[in-house]
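Take a look at this single chain, the form predicted alone, given in C-alpha cells.
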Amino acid sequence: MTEAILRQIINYAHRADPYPLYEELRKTPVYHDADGPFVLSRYYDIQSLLHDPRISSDARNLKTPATANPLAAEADDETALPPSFLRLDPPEHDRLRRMTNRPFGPPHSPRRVHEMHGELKDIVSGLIDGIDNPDRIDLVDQFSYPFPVTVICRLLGVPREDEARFHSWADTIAASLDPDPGADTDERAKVSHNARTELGMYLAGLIEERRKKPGADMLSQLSTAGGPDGVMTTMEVLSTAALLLIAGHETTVNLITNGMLTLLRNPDVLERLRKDPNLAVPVVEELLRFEPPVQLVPQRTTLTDIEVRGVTIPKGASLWLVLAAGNRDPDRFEDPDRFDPDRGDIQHLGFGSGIHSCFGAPLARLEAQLALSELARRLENPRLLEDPPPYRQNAVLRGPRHLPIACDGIRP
C-alpha cells in the first residue's frame, strides 16, 4: 500500500463509494506513513481503542501538528465556545455528559425520547404533505435536512416563530463543515463566524429567559437543574446546545438520506418496510453498519505509548479510527458488503462505542425509524433519478448533498 490510500479516501472522486478503499486499507490494520496519522480499520481494534482509557479526545494532548491532519476541518463541529464534552476526557467529560443526560435520558428522564414520538411523527407527516411535485423530489432539501433541525428546536424549546431563523443558522454552519475548494475561504469563514455568533447570542438570550421562567424543555433543564455535579455555566450550556445542534443534526441528515438511498437500491427491503413498519428497527441498525453517517473518527490521540498488532503507537500520536471500514470487516461480519436487515447480530460501530458513544443515539434511531417507515409507506413507487447522487465534500460526515427521486404520487 502506498501513501495514496489516505489521499484517495479524502479525494472527493471516491466519495460515492469509498468501500473498496477501506477494503484495501484493512490489509494494513495499523497504517502509518511518515508524519501522518496512525489509521486503524479492523473492527476489533477500533472497538478496543474506543474503550481504552489511554486514548484521548482532547486535542491538547496531541503532539502532531494540526496541519498533519488533513481532516481536522471536516470533523470540526466546534464554535468559539469552550470544548463540548465530545472533545474532553474524564473527569470533565463525565461531569458534563452526566449533567446533559439528566434532562435527556435514563435514569432521570427515561421517557424524554419516547414521549417525542407523536411530535416527531407529526413533523414527518407535515414534510411529506408539503411535497408538491412527485416527479422530482430532493429528499435532502425537502425532508432529511429540515426534519432533524426542527426536532432539535422542539427539544431545546426554541419558540416556533424563531424556528426559521434557527434553520438558517444551522444551514450556514452545516455548509461550513464541507470543504469547498473553489470558494473564497475568507468569505466562507466570515459567513460561518457570523452565523455561529448570532446563534450563540440568540441561545444566550434564550438561556437567560429560561433561568427566569423555566419550562419543560431541555434548555430550561440544562440551565436550571442542579444535582451532585452542580449547575452548568452559561458557556457550558451554550457549548452543549451547539453540540446537540451541529453534531446531532448532521449525523441524522446523513442517516436518513443514506438510508433512503440504500432502500431504493434494495427495492425488496423497501417493499417489506412499506408493508411492515416494525422492520424499521433492524433496517436502521443495519444501515448504521452498512452506511454509517460518521465514516471515521480523526480526532483521537494516545496518552502513552501503546501497542496494536505489534505496532507501537507513540504518546501524542494522531489516531484515525475508520468506523466504516470496521463495520465491513469480514472477520466480524459475514458477507459484509451485503445490506441485510435480517442479520442476527448487528453490533455495529455506527454510533461509536465506549464513553464517547453517540449521546443522541436513542433520538437519532427513532427519527430514522419514523422517517424511513413513513417514506416507504407514503411514496408510491419511489425511484432514484440519479445514481450515484451528488455527495457532500465532507469525508467524515459522508452523505448525499442532494437525493433526487421521483414517485407516482403521495399516499395519505
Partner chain sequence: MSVDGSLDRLKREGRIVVVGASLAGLRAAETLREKGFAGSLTMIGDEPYEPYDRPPLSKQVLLGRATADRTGLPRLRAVDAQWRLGVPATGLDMAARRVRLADGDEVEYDRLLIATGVRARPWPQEDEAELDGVFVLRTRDDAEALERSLAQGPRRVLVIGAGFTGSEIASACRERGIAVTVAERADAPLVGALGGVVGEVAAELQRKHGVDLRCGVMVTRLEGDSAGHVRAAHFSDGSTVEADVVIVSLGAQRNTEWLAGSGLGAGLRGIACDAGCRAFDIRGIVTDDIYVAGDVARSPHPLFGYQFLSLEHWGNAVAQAETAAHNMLSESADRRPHIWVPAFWSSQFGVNIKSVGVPSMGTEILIAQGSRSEHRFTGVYGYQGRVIGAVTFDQTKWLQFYQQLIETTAPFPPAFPTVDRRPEGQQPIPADFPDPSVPTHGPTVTLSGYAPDDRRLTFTPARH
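What you see is a predicted model, and the numbers here were worked out from it, not measured in a lab. Positions refer to the first chain, counted from 1.
Not pictured, yet referred to below: the form predicted in complex with its partner chain.
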| item | value |
| --- | --- |
| Interface membership of Ser373, its partner chain in the predicted bound form, 4.5 Å heavy atom rule | no |
| Touches its partner chain in the predicted bound form: Ser48 (any heavy atom, 4.5 Å) | yes |
| Residue contact check: Ile355 to its partner chain in the predicted bound form, 4.5 Å heavy atom | yes |
| Contact test in the predicted bound form: Asp33 vs its partner chain, heavy atoms, 4.5 Å | no |
| In the predicted bound form, the residue from Asp217, Glu198, Asp229, Asp138 that sits within 4.5 Å of its partner chain by heavy atoms | Asp229 |
| Listed residue that, although its partner chain is not shown, lies within 4.5 Å of it in the predicted bound form (heavy atoms), from Arg165, Arg272, Arg211, Arg98 | Arg98 |
| Non-hydrogen atom within 4.5 Å of its partner chain in the predicted bound form for each of Arg54, Pro91 and Leu303 | yes |
| In the predicted bound form, segment of 339-347, 373-381, 54-62, 22-30 with a heavy atom within 4.5 Å of its partner chain | 54-62 |
